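Listed next as structure tokens is one chain, alone, in the form predicted on its own.
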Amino acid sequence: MEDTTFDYIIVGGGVAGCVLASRLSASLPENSILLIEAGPENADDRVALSMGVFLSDTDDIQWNHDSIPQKGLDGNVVSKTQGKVLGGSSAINYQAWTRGSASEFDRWAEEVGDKRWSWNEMLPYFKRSETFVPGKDMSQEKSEAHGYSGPIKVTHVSSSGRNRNYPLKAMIADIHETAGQKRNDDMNSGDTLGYSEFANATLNGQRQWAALCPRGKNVTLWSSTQAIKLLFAGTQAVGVDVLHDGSAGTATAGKEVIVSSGAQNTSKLLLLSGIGPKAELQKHQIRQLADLPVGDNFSDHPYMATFWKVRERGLSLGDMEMVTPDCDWTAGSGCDFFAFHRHEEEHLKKLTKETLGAKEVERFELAGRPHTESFVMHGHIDFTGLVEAPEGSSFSFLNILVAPESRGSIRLASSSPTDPPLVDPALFTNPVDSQLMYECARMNITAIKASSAVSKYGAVEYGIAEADRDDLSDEALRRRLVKTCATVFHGSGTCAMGTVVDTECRVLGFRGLRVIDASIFPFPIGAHY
């Protein structure tokens, strides 16, 4: 830490921070840039290999946060893990690559009054990030929706370099067809509805993550360094206090401080620095600099899983060799398709009008916006640890809520920067969310039972009470939900555009301070982020 004065300081070396450091260094070569990352720079083959994270202990390269007890889940606690390594959560995730729908970005632009956040205006930046490799069933012609020279190789299961011919692929496609889902050739074209081949950031068994974005010589990296407080001269951001190997230090910014620490840690840092609700800051004896709703509007994408055992052996992860000539389970996540859905049931429309505000009803009814998502993981994949794996082959069916109406918060546990925040996604506190989840699960369980999963493979649901096996009532589905619910770690909204930041991502009332991660989303997007 010899040099401590820089033009720009970026706090957080995750997806947003790594991309910004790369692009700033290229466009402003005469300016000095500091990138601060709380975790290590390198995390060996646990990160570099596509499936390394899932076969390893990663506690040291992630923020091991848990939620507070969730009232909507009978007091259960859910994991709220985030990446703590250069590349952030892109270094420890399942490498899914989705953008969201055009209608959601157009709605975002409309709500904040700035067309630069619309789909057409964002598309050039989406394209710039990727080198797109279409799946074998897709058009091989170059598409105006994709980029072909970006730092991240975006492939599909059929085009990711190694054979990933999962034995149950045709069965999974049949389930989606039986559920009435249309085949969508390109989920990342702006139309997300239907089912499409799984797009992922992996190639030849190697993860493609944000740390691969090139950094110029004008970028200094401080790894294993935690930002603990933002510094101000009046309303001008002038630097950051940090901890490195237990020692305190300070970095000074000549132009801007840009925070990109994720929906949990960004809001925590702003709160520790005096930016947030008065009552929250007074509770911890922190002097308030600005009364902004930092930490409010928090949401995540929760899921409910169902688990199915098939009759034959040797058809899934955990019941066959990891690498065969036709199927290499180490080459990427064991998933063939995404599927995104809308729900138009009359009782849901009635419930939204009874329980939501006018803006929320408009978002719910937005044409082209997905409400839920489904995908199948081959094998027994249970993140709660509450469902015992069977002998033999199986598949895990995830029903995911991607348009949640429930809103929670990020709050401080104390004024100590080393204490984890109080994370409350408030899952299923809005009745619309429960009904959406039940409709998604009911649709998919019904489709599984009517498809070749049962007629050809003899699939039987396990991990449930015998009395619930043929019961698809709301009550029986809730019992499945409470037992299997977790989230897919898509937190957003805690420094929302329009209430905490403006459309340039500048924190309201301050100069030289921006937030640029998923904290700024005004509402949750139906995508993986």
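Don't overthink the numbering: it's just position in the shown sequence, from 1. Just so you know, these numbers come straight off a predicted model, no measurement behind them.
Only in words, not in the display: the form predicted in complex with a small molecule, which the text now covers.
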property	result
Which of 256-264, 161-169, 358-366, 126-134 lines the interface with the small molecule in the predicted complex (heavy atom within 4.5 Å)	256-264
Check all three, M122, V154 and S189, heavy atom within 4.5 Å of the small molecule in the predicted complex	no
Of T225, N297, Q181, S101, the one that lies within 4.5 Å of the small molecule in the predicted complex (heavy atoms)	T225
Proximity to the small molecule in the predicted complex, single hit among G276, G88, P404, G332 (heavy atom within 4.5 Å)	G88
Partner contact for L477 in the predicted complex: the small molecule, 4.5 angstroms, heavy atom	no
A389 within 4.5 Å of the small molecule in the predicted complex, heavy atoms	no
Partner proximity in the predicted complex: V15 to the small molecule, non-hydrogen atom cutoff 4.5 Å	yes
Close approach of A96 to the small molecule in the predicted complex, 4.5 Å, heavy atom	yes
